[in-house]
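Only one chain is given next, in structure tokens, and it is the form predicted on its own.
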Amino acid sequence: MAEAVDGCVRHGLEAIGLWRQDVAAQGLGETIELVRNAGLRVSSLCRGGFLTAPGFEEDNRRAIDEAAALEAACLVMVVGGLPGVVPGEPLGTISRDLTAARNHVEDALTLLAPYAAERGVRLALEPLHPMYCADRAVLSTLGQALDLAAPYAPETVGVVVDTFHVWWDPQVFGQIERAGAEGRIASYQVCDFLSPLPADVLLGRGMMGDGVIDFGKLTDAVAAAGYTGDIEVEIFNADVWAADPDEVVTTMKARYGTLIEGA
């Protein structure tokens, strides 16, 4: 955590997206002190969710409390896959009822949204690419996420527009416009979709410009929808993780300037 915060400061970044396991490893109080002393915003805390798993409510209440303490702009919610399906593990006893799983997510929000509202935390529903539907997110489109958010105030439940997850959707531009009209865009995340994907598709994200996504059109749509918050670069990639951090950030800034900021 200390290295990440220091790297942001040295490279002139103004905000940092935090992951709960890293916050826990550093300690919540120490993380708050590091971030505030560095003058950084917390663009998001990732993640809450997995609402289809047993015991979801207790863990998500903790996540909401952490987001409030960090003054995070939102708590990203990866809602979970089919009950019993665990990422990376062989199938055991599972439910194949996708409709029931989505209904369970809807019901879970009725418990968590009021708690988040009381603490001034915005839940950000993140639709994931359909290849993650079984194990990580039964929300696959921005339209589904917006429908789920609709009963709640936009400042309590919003959505994440992540280029990796939505670029393929033929309805994405209309749904981005809808999200803007409803004031629902809580976060815009960018990275590229590699082809071919690696064996572990979770690590199939690339540096912007290394894959197939047209960032100009998506970024223009998000801007036209009125989003003015932080834009996060979120890359899960073994080669990127193994590279020198300063080189990674330098490359990221150059690609961002050309493909995102210059859109």
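Quick note: we count residues from 1 along the sequence shown, nothing fancier. Since the model is a prediction, treat every value here as computed from it, not as a measurement.
Not pictured, yet referred to below: the form predicted in complex with another copy of the chain.
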What stretch, of 152-160, 110-118, 179-187, 123-131, brings heavy atoms to within 4.5 Å of another copy of the chain in the predicted bound form? 123-131
Establish, in the predicted bound form, whether Leu91, Gly211 and Asp214 all lie within 4.5 Å of another copy of the chain, using non-hydrogen atoms for the distance. yes
Heavy atom of Ser195 within 4.5 Å of another copy of the chain in the predicted bound form: yes
Heavy atom to heavy atom, is Arg102 within 4.5 Å of another copy of the chain in the predicted bound form? yes
Given that another copy of the chain is not shown alongside this chain, does Val201 nevertheless sit within 4.5 Å of it in the predicted bound form, heavy atom to heavy atom? yes
Is Asp97 close to another copy of the chain in the predicted bound form, meaning a heavy atom pair under 4.5 Å apart or at it? yes
Only counting heavy atoms and a 4.5 Å limit, does any residue of 143-174 reach another copy of the chain in the predicted bound form, and if so which ones? Gln144, Trp167, Trp168, Asp169, Pro170, Gln171, Phe173
